[in-house]
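For reference, the chain that follows is the form predicted alone, supplied as structure tokens.
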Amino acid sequence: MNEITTEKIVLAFIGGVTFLIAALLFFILSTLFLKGVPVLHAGFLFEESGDFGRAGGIFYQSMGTLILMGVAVLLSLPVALGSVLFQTEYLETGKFKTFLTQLTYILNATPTILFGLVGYLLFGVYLDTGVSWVTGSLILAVMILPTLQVSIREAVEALPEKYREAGMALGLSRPTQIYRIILPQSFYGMVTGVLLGLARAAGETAAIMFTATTFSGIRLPQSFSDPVPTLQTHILVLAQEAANPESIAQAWGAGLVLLGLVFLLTLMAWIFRTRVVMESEL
């Protein structure tokens, strides 16, 4: 078997795998679209659910999901930003810096159910937050921390060295350089990280299912100890009622809305990511 034949076989294999993945994605998206669109109506996004989710809309479920996502990002962003600035601006290249980077990737690869278990023991039990939106937000904040760190670090490390040299030539201190140069020039990278973190938080179910959410009885939290309804739990519970066509139909509609939210956030992140690449090439 000569080199050209081997190359053709490898190329055919890679092309086949790529086509299979694309076909599978198209099948999932088309199925969700075809089954979810008929359920959507004018008030689906702004009406509360009724008959245990079999009727009405998903207003409070959507609001609960947005609450968990928003609070998680607000908690995680300062930690991620501080960690990145410490690693890139204060730590010299070495084993300790590499070790911290590897820890980020290990945290990102941790199964989400473990985040829920450990997070509930730490926040829900030891900190006595119980099953609440606070517990869910804290767990999601830890989960999306690697996503924010990686995106922000890539944006900071992509800055041309001339920016730092210009700051040093002007006699700026390290904190002033960070405030006046690094942060403004890394803005789009930070926005990209936030959007990707929001997208990941929107898609998580296992970590918050038994720590932060409820299916019925709660509209919006009235205190720090209240759980919240979420789209993820709403879809999961309705999907378990396979014998009821109304429940399955509502699940498809809620799933389409959740997919649309994740797709929108991912698209916006891609746009900002493109802006970062363009600026680094200038």
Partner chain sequence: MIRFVNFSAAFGERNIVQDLTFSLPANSITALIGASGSGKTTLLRTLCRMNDRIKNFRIAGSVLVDGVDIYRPETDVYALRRKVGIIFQKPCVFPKSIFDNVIFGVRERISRREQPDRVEKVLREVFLWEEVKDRLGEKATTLSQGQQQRLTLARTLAVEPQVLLMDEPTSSLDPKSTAAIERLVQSLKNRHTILWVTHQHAQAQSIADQVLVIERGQVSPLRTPMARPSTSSTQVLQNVQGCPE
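Keep in mind the model is a prediction, meaning the values are calculated, not measured. Positions refer to the first chain, counted from 1.
Unshown form predicted in complex with the partner chain; subsequent notes refer to it.
> Counting only non-hydrogen atoms and a 4.5 angstroms cut-off, does Glu165 reach the partner chain in the predicted bound form?
Residue-level check for Glu165: yes, a contact with the partner chain.
> Any chance Val71 has a heavy atom within 4.5 Å of the partner chain in the predicted bound form?
Flag for Val71 set to no.
> Taking heavy atoms and a 4.5 Å cut-off, does Asp128 contact the partner chain in the predicted bound form?
Outside the cut-off, so no.
> Contact between Ile181 and the partner chain in the predicted bound form at 4.5 Å, heavy atoms?
Ile181: yes, in contact with the partner chain in the predicted bound form.
> Just one stretch in 187-195, 150-158, 172-180, 133-141 has heavy atoms within 4.5 Å of the partner chain in the predicted bound form, so which one is it?
That would be stretch 172-180.
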